[in-house]
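Presented as structure tokens, the chain that follows is alone, the form predicted alone.
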Amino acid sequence: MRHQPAGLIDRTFPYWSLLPAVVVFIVLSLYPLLNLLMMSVSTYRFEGGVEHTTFDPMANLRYFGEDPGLRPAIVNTLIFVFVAVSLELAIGLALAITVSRVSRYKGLIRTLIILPILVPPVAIGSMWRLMYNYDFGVFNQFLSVFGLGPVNWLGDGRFALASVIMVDVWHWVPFIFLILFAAVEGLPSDVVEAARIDGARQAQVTRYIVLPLLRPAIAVAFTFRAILAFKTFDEVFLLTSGGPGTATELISLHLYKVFFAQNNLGYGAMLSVTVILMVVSFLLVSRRATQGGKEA
């Protein structure tokens, strides 16, 4: 009995079944992106409740050289991303390796470690503002025990960015820990046991076996966390609002001010496109590093 050739509906069914997802993707992703691109080459003004749009990309480009807050925002963002993500990777990796060697209460310890990532950002901002308070904050109370004077953690430009980074590290170390802990738990036990039988010490096993095997997971964790760090907004907004001056103003907060305080929609859109291109470039570089780690 010969099979009848498949009909048109049967042959195209895989494409029709994907159509709803494609439509949702276009509506929720591509359309806003195209709209952002159109905004980035236009200027907007509102008169009498009516929006007037003018195609003038050069006007938005001129703002790049005239914007006094752009350079500090970029520098602060790069410092924030590099320092915060590096500390989070180091602490998260150390916690993942340490907890993986615990024989009892491993589940309880893991639950306690991931608690900070479950706290809402508003609660984090309120809690840490109280801890950093100049008059009765816990940090200044601790300094007073040793006879040291209080520090204006969030109001002094020398300490403000470091204080914000400390909050970010506390909040996001559990994210790195979860990724790397899963990777450590998935390491081949026979390789580690063979090294121990051959007389390798714990430090040697960690350095020459565990860390090289974790390199792809570390690269993935770094990529994900760095992307999120580039977009950090809520913590800075709630703690310092970018102050004092521009000491803690990150690019995301600067974008917020351009859009909603200065009402400069065209320049804000062009700045947003620039940030997107920066993140995409970072993704491409990280992808190569990840592939190199996997090959190694």
Partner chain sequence: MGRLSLFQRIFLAGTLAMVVGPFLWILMNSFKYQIDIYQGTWIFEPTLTSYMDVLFSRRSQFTNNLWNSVVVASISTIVALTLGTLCAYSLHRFRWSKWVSGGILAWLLLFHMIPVITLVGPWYLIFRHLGLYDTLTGLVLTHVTINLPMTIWLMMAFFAEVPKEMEEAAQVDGCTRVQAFTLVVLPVVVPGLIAAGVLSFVFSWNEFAIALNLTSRATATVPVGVAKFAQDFEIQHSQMAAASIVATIPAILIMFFGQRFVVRGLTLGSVK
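Residue numbers count along the first chain shown, from 1. Between two forms, the rigid core is defined as the largest C-alpha subset superposing within 1.5 Å. As the structure is a computational prediction, the values presented were derived from the model and not from experiment.
Note that the form predicted together with its partner chain isn't included here; everything after this is about it.
Does residue 159 reach its partner chain in the predicted complex if we count a contact as any heavy atom within 4.5 Å? Residue 159: no contact with its partner chain in the predicted complex.
Examine residue 231 and determine whether its closest non-hydrogen atom to its partner chain in the predicted complex is within 4.5 angstroms. Output for residue 231 is yes: heavy atoms within 4.5 Å of its partner chain.
Within a 4.5 Å heavy atom cut-off, is residue 252 in contact with its partner chain in the predicted complex? Answer yes; at least one heavy atom of residue 252 falls within 4.5 Å of its partner chain in the predicted complex.
Is residue 121 close enough to its partner chain in the predicted complex to count, meaning some heavy atom within 4.5 Å? Close contact exists here: in the predicted complex, residue 121 approaches its partner chain to within 4.5 Å, heavy atoms only.
Since exactly one of 109, 143, 200, 75 fits, which has a heavy atom within 4.5 Å of its partner chain in the predicted complex? Checked against the cut-off, the match is 109.
33, 91 and 259: each with a heavy atom within 4.5 Å of its partner chain in the predicted complex? The answer is yes; 33, 91 and 259 each reach its partner chain.
Could you list which residues of 111-144 come within 4.5 Å of its partner chain in the predicted complex, counting heavy atoms only? Contacting residues: 111, 112, 113, 114, 115, 116, 117, 118, 119, 120, 121, 122, 123, 126, 127, 128, 129, 130, 131, 133, 136, 137, 138, 141.
C-alpha of residue 18 off by 2 Å or more between this form and the one not shown on rigid core: Yes, residue 18 moves 2 Å or more.
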